[in-house]
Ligand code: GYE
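Consider the single chain below, provided in structure tokens and representing the form predicted on its own.
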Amino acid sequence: MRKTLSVAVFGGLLAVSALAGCGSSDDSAKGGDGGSGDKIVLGFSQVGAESGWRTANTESIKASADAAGITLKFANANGKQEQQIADIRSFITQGVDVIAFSPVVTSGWDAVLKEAKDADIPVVLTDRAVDSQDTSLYKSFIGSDFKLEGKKAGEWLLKQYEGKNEPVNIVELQGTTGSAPALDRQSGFQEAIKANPNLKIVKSQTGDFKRADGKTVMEAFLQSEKDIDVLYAHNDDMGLGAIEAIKAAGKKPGTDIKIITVDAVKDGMTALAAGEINFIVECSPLLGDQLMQTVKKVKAGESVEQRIVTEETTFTQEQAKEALPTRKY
């Protein structure tokens, strides 16, 4: 690995690879001139600002970079892969030391990641993974096990209907189409509920991880489905939007329709404590410290684990009440 490395971060996914500006072979093009002095310069491309979780994730990365003495070049892809690829190429041109990002979707990254590698700039993925078969294109992926999150949601639901034989109609609010959390949270949930054939997903549609879209899609579900017993939302924000639609339809969220969500941001936990959500699977957005530790190791040429899983839990109503007073996000 070169003496100088560049790190770029994109929307929750951190990729580490060696990059040089415009493919030049001189030292100034290959990294280090994107910042000042001996400070590490990290290029981070965020997915967007689609939810409370994402906002907390961005704040964690900015605060941790400041505390670690790392110069952060931050870009917002606004949910568009083409913008994120442009962000990464800009970081390469600037000669940052490391690049990190959370990819909007899982596919279509090999070309730009190879550009970073050819430029001798390491890449770290955060929050979301890519489906590249060439794992040498990034140094590490820091984030949650999304499939396990879906499995935890499904297992909780199984227990609620254990020993009961009536049909259970489930509607699902998916995250952004093609994104790792949407794909994995769906598959993990589906695998878990297979143990009870009475649990059936009758409608499933993307709400793009947004509260407003969650409300709109849930309104459509309520109009097209006479009996809905359970809502499984891939994040709190969509679940909170769905709660508005459920109330407007004259139904009681958490009672008439059981609600399961993922994230455990403060708004979601507040709804859980109030009984409007029944169960939340945690997905921590506070990845900043782990990212900065990894960036420093990569810059120093030290080996890092290619997969770093964050530790997370689940919450019932009583647990949410206990956790809320000291909740950081």
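When you see a residue number, it is the position in the sequence shown, counting from 1. Note that this is a predicted model, so its numbers are computed, not measured.
From this point on, the text means the form predicted together with beta-D-fucofuranose, which you will not see here.
Asker: Though only this chain appears here, would I40 touch beta-D-fucofuranose in the predicted bound form if you measure heavy atom gaps against 4.5 Å?
Answerer: Close contact is absent here: in the predicted bound form, I40 is far from beta-D-fucofuranose, nothing within 4.5 Å, heavy atoms only.
Asker: If you check in the predicted bound form, is I260 within 4.5 Å of beta-D-fucofuranose, heavy atoms only?
Answerer: Because no heavy atom of I260 falls inside 4.5 Å of beta-D-fucofuranose in the predicted bound form, the answer is no.
Asker: Although the partner isn't part of this model, could you tell me whether P122 comes within 4.5 Å of beta-D-fucofuranose in the predicted bound form, counting any heavy atom of the residue?
Answerer: No, P122 sits far enough from beta-D-fucofuranose in the predicted bound form that none of its heavy atoms falls within 4.5 Å.
Asker: Taking heavy atoms only, is E50 within 4.5 angstroms of beta-D-fucofuranose in the predicted bound form?
Answerer: Yes.
Asker: Thinking of beta-D-fucofuranose in the predicted bound form, which stretch from 64 to 72, 295 to 303, 269 to 277, 50 to 58 has heavy atoms inside 4.5 Å of it?
Answerer: In short, 50 to 58.
Asker: Counting any non-hydrogen atom inside 4.5 Å, which residue from F221, Y138, F209, F189 sits next to beta-D-fucofuranose in the predicted bound form?
Answerer: Of the listed residues, the single hit is F209.
Asker: Just to make sure I understand: among 160 to 193, which residues lie within 4.5 Å of beta-D-fucofuranose in the predicted bound form, judging by heavy atoms?
Answerer: Result: P181, R185.
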